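Quick setup: one chain, the form predicted alone, written in structure tokens, and binding and motion questions come after.
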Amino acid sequence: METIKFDQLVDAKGLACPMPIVRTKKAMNELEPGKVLEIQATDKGSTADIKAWAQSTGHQYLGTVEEGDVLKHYLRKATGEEKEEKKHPHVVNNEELQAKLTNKEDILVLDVRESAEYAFNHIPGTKSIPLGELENRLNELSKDADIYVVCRTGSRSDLAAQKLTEAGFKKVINVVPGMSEWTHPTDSLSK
């Protein structure tokens, strides 16, 4: 295979979400417009995360090459006017979501973490659709439902909330900080 030329390397091997994005964002800030970044990661969820982050910031996602356990993602920095990173405007915190669950409100909690993350720890009654599968599984969700999107830290859920809104879902809320600080009851498949 032909070697892909890049201007800067980001080593995110062995790191889980949100660290590959955090390192990518830092490197991208230091890169000149039009230059190419190679991000090496071992987190399987990083492909969807980096692709969605690039889309939300206006940078160009070029593609991903898999070499053994390492995913090599390629991004090109946007040129000209830098686009402000988009954030989903509708947000609640963990306590607000728990209050809705306690009151048995008619809501759907959508967990967009990877299936392995979900298996070991999730909010009871949630629907699991990993961020990377979301676009192909939109038909499993009702456009009229109140959808509360959760992930580990609020980053992937923010990207998922933007995707859902763009796809015509009306009531989409991002839950921050998400599972990393969830102190209420959880289920796991190992129980």
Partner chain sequence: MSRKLAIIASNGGLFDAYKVFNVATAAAATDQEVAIFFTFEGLNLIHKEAYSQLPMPEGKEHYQKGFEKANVPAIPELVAMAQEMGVKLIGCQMTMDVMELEKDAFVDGIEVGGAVTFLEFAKDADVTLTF
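Residue numbers count along the first chain shown, from 1. No experiment lies behind these values; they were computed from the predicted model shown. Between two forms, the rigid core is defined as the largest C-alpha subset superposing within 1.5 Å.
Just so you know, the form predicted in complex with its partner chain exists too; it's not on screen, but the next bit is about it.
Interface residue among S155, Q162, T57, T126 relative to its partner chain in the predicted complex, by the heavy atom within 4.5 Å criterion: T57. Of the candidate stretches 48-56, 65-73, 32-40, 136-144, only 48-56 contains residues with a heavy atom within 4.5 Å of its partner chain in the predicted complex.
Among residues of the shown chain, K44 is not one whose heavy atoms approach its partner chain to within 4.5 Å in the predicted complex. Using a 4.5 angstroms threshold between heavy atoms, K25 counts as touching its partner chain in the predicted complex. Under a 4.5 angstroms non-hydrogen atom cutoff, its partner chain in the predicted complex has A16 among its neighbouring residues.
Put simply, V172 is far from its partner chain in the predicted complex: not one heavy atom of it is within 4.5 Å. The Cα shift for G168 between this form and the one not shown, taken after rigid core superposition, is smaller than 2 angstroms. With the core held fixed between this form and the one not shown, E181 has its Cα displaced by under 2 Å. Comparing the forms between this form and the one not shown, the C-alpha position of L159 differs by less than 2 angstroms, with the core used for superposition. Between D11 and A116, the Cα distance is smaller in the predicted complex than in this structure, by no less than 3 angstroms. Between K51 and E117, the C-alpha separation shrinks by 3 Å or more in the predicted complex, relative to the conformation displayed.
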